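In structure tokens, the next block holds one chain alone, the form predicted alone.
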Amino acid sequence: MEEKDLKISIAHLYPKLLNLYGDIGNIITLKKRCEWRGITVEFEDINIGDKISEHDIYFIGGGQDKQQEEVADELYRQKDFLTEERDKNSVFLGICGGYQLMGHYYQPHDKERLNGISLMDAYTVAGNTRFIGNVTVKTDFTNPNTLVGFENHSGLTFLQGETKPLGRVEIGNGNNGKDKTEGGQYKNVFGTYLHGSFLPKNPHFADYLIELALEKRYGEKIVLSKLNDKLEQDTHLSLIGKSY
């Protein structure tokens, strides 16, 4: 199929509450990298009180504990639908607080546990140290095989079962500062602590998500045409190994 004949739908979950550190840049990147290729993009903001409808990509950003509390109950009410979407191979990307809520739960220090929606087998507990700084991750499924970004979190996330990390931390702390993992992935569900924004610094990962979403929609593997990514790739390369 020609790219001009393709269409993709993207949902941004709770942007009024979960949009720390320029997380909207991830949505802009997905939209523009489709539009530059002539792919039609349908887009919807989902806010508190809205029923989530079927999309190819679901994005949820990061926020403070208070905002996470507001979103957690809302997400949990729609857990069954989102689980069905996961099992249809819809693509999910969660950043920081959004990543935590895609696991089983987030346990703060002195508040009640926030239920997650269990799209991946992981859980998060509050730590005593805040991890702040640049991160470089080595992956085994992207080209180039690096991811870069900026972490700012005290939550400690632990992966279980069939959930795998996005990669191994070379610079920074990642999921918990102990096991050298960063992010999580299960089926087409991806979570990460990398802000700044994540996808503009990692255009190859953005394209990977778009290809997965197109394969889900059309039932066949679609390889995207190449864009002139010199500026984006130079930015990515300049951040690899950047001192923490």
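The structure presented is a predicted model; accordingly, all values stated were derived computationally and were not measured. Don't overthink the numbering: it's just position in the shown sequence, from 1.
FYI, the form predicted together with glutamine isn't displayed, but the following is about it.
Colleague: Tell me, yes or no, whether residue 197 is in contact with glutamine in the predicted bound form, where a contact means a heavy atom of each within 4.5 Å.
Modeller: Although glutamine is absent here, residue 197 would stay clear of it in the predicted bound form, with no heavy atoms inside 4.5 Å.
Colleague: Going by a heavy atom distance of 4.5 Å, is residue 184 a contact of glutamine in the predicted bound form?
Modeller: Judged by the heavy-atom cut-off of 4.5 Å, residue 184 is well away from glutamine in the predicted bound form.
Colleague: Is the gap between residue 86 and glutamine in the predicted bound form 4.5 Å or less for some heavy atom pair?
Modeller: Residue 86: no, not in contact with glutamine in the predicted bound form.
Colleague: In the predicted bound form, does residue 102 come within 4.5 Å of glutamine, counting heavy atoms only?
Modeller: No.
Colleague: Within 4.5 Å, heavy atoms only, which of 96, 91, 119, 137 is in contact with glutamine in the predicted bound form?
Modeller: Selected option: 96.
Colleague: Answer with one of 47, 40, 64, 53: the residue that has a non-hydrogen atom within 4.5 Å of glutamine in the predicted bound form.
Modeller: So the residue touching glutamine in the predicted bound form, by this definition, is 64.
Colleague: Even though glutamine is not shown here, does it sit in the predicted bound form so that 21, 68 and 130 each have a heavy atom within 4.5 Å?
Modeller: All of them do, each having a heavy atom within 4.5 Å of the partner.
Colleague: Looking at 137-145, 152-160, 78-86, 165-173, which lies within 4.5 angstroms of glutamine in the predicted bound form, counting heavy atoms?
Modeller: Only one stretch qualifies here: 152-160.
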